[in-house]
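We begin with a single chain expressed as structure tokens, specifically the form predicted alone.
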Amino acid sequence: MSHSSFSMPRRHLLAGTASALAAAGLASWTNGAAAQSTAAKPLPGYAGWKNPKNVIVHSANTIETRRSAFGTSVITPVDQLYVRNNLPPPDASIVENPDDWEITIEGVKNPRTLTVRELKTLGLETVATVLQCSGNGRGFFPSKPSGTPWTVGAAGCVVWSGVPVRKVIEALGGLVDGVPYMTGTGGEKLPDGVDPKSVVVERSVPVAAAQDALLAWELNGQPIPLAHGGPLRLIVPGYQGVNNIKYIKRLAFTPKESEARIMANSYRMAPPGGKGSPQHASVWEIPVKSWINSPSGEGGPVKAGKVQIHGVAFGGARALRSVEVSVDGGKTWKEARLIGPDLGKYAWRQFVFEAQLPAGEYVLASRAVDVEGNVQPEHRIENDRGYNNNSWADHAVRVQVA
């Protein structure tokens, strides 16, 4: 892994603010890719330092990594990492003196407010994780759910450094009784004249997630930039991105889930046409998933002969065990080879499958299996907002070999 994968100049931190397959969504990938290529939007100021050639700007708060940009290294460079904000980011001044940022810790025996400077004295750990928006793969849903039509690029594998949440709990006397949830609150400025609960970014996860969680101040070896939640972000390994609270200003251990709309109603696995509510499963853990990055069909015909089919695979909340590749749309499968360093259970692995492909049309697919035997499914779970899509059929690619 080259050092450049981790490099980001400090100026970045301070920058301004088959038919069955077609039915399963393969056609939506082709159409979506064409649509994306015709409408180039400029990068928003707070993320103006990103590489425009490697991203798709959907809106000021939604930026996707191009499938062709992932490459063959494990770590995703920050200048092409996706961005998803539920609210506009705070003013860029908050990352000028990151050690001064304050966070209030509640639901412990000795609750208090701590600066990042103080957090740095309590412990240190580094973890590589898949960071993924829960809507990644929404663009493959034929029902076209509302929200950004991500294909594969609302995800990356990055390295975080910070203090383990368990060390903070320990330093503050341990948890109080009866707190089954860990609740994080973001530090975005809320619009005036609205009920704070309707807009605040506040999410609750099972308190067991605190065991591996971090309060992180560093991303890929540099202070976390504003676009990715700096100066301090809650990292909950194995959980979808929305649970990894940016600009975190409050971490509470609570008897109930947050009543904020983003927790109570949004990011719920409601049925198509339904409205999310606490009775529906929350978008928490990342499910086992993989996809092929090359050849992807984006760059025109592939030369006949020996082809290196490669992509990424991850177990989400569990370690990855293996990956299989199909060149015939899922009729037959063969095991791929995992390559590169294993950066831990929460990181993704690169895989490669060498195939001899004569001229013709192929549907390439990958299928991952985690250490508990959970297999990446053929079909997506239909839901109103297009969450948690890990369908291998949806993520398959059609390529021409000539």
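All residue numbers are counted from 1 along the displayed sequence. All values derive from a computational prediction rather than experimental measurement.
What comes next is about the form predicted in complex with a further copy of the same chain, which does not appear here.
- Within 4.5 Å of some heavy atom of a further copy of the same chain in the predicted bound form lies at least one heavy atom of Arg337.
- Although the partner is absent from this view, Ile75 contacts a further copy of the same chain in the predicted bound form, with a non-hydrogen atom inside 4.5 angstroms.
- For the chain shown alone, Phe70 is a contact residue for a further copy of the same chain in the predicted bound form, at least one non-hydrogen atom being within 4.5 angstroms.
- Mapping the unseen interface onto this chain, Leu43 falls outside it, with no heavy atom inside 4.5 Å of a further copy of the same chain in the predicted bound form.
- The stretch from 119-127, 241-249, 274-282, 228-236 that comes within 4.5 Å of a further copy of the same chain in the predicted bound form, counting heavy atoms only, is 119-127.
- Taken together, Asn54, Val159 and Asn220 are fully in contact with a further copy of the same chain in the predicted bound form: each brings a heavy atom within 4.5 Å.
- Put simply, of Lys144, Lys109, Lys331, Lys306 only one has a heavy atom within 4.5 Å of a further copy of the same chain in the predicted bound form, and it is Lys306.
- Residue-level contacts in the predicted bound form: of Ser296, Ser326, Gln80, Thr183, one residue has a heavy atom within 4.5 Å of a further copy of the same chain, and it is Gln80.
- Taking a further copy of the same chain as it sits in the predicted bound form, the stretch 334-360 comes within 4.5 angstroms of it through a non-hydrogen atom at Arg337, Ile339, Gly340, Pro341, Asp342, Leu343, Val352, Glu354.
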